[in-house]
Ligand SMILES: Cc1ncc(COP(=O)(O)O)c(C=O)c1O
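The chain below stands alone, shown as structure tokens; this is the form predicted alone.
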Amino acid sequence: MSGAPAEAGGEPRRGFASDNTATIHPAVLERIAAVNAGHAFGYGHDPYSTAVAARVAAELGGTEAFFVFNGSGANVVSLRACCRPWQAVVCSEHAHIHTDESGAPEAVGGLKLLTVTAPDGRLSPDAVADLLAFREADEHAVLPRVLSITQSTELGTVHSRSAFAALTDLAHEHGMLVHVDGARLANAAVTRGVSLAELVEGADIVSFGGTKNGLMGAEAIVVLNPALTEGMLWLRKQSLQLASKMRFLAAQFDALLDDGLWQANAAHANGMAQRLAAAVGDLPGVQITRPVEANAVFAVIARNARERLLGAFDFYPWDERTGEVRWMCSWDTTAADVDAFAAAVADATAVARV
């Protein structure tokens, strides 16, 4: 037995549930194996981990990088580094820290989240300004301290560089810091045709995602504002995000930055999402609901069509009220995967109309 998730016939199951469900890139596995020799100091105190952390920081235009296990951990540690107990985080109503982290910012970080309406997932300076102007600061209300921007957003959209700059300028004018939740930062950079450093210019701290872009389970906190490095080592440990065998997290990022692998993986995932949208967008019974700007396709299909599809392919129902679903492409999604799924969508929606 290979241990691979399989259908009854033994073939590994493939689908469009999440880029978390994808395989690990072979180059990443090779790099992990390459450093799996001899002994090395733990907790990131070996020369290799230190060098890779410096490499990651430089790639994003930062001063230091800290490896952690997962995106929620990266977000919580980053936000804890920015906030005192009486301060709050401003974010989109769709932000992962608000909707999908089981209250971790509140439970682990003690952080109050102030949400802003963002119909397409993207924050607007006007909406943020309205929230900041809601009431004057006094001891009865938390003080907004951090603006958290998701890039790309939970709805598959990407902030433009001008919009991002307007948001960071607004935050800094109000004495706030800027955090970027970059679980899919690579996808956003490819969409905008810029480097990672250019994409996050103006931010203070970034959660740089690797797991959704071909890594096994590794994320990085990249500090762009040097003032935020103080206490970061302790916050990471206190938040249960310090890896003892750090070299194996470092190795993954080392591979990701070699030969533009981060860019190639993200470009492929984005391209497969475009291929899928083009294949199903004109089908009767399919309504694409969001701009396809990164590696996600959102659509509304009939409930009975959805149930037929879920029998053969994994994906997430997104909004039970409207029938909206999310189809996510990954670095290892193939053209054959997309074409087979598109044909299944066509069949399922045709049956649903009968």
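Worth saying up front: this structure is predicted, and the values here are computed from it rather than measured. One rule holds for the numbers: they count along the sequence shown, beginning at 1.
The protein also exists as the form predicted together with this ligand; that form is not presented, and the subsequent description refers to it.
- Interface residue among 96, 161, 275, 112 relative to this ligand in the predicted complex, by the heavy atom within 4.5 Å criterion: 96.
- Proximity to this ligand in the predicted complex, taken as a non-hydrogen atom within 4.5 angstroms, holds for one residue of 105, 144, 121, 71, which is 71.
- Screening 180-188, 220-228, 135-143, 85-93 for residues having heavy atoms within 4.5 Å of this ligand in the predicted complex returns a single hit, 180-188.
- Not displayed here, this ligand is kept clear of residue 148 by more than 4.5 Å at the level of heavy atoms in the predicted complex.
- Looking at residue 154, you'd find a heavy atom of it within 4.5 angstroms of this ligand in the predicted complex.
- Though the partner is left out of this view, residue 101 does reach within 4.5 Å of this ligand in the predicted complex, counting heavy atoms only.
- The partner is not shown here, but in the predicted complex the stretch 74-92 reaches within 4.5 angstroms of this ligand through a heavy atom at 75 alone.
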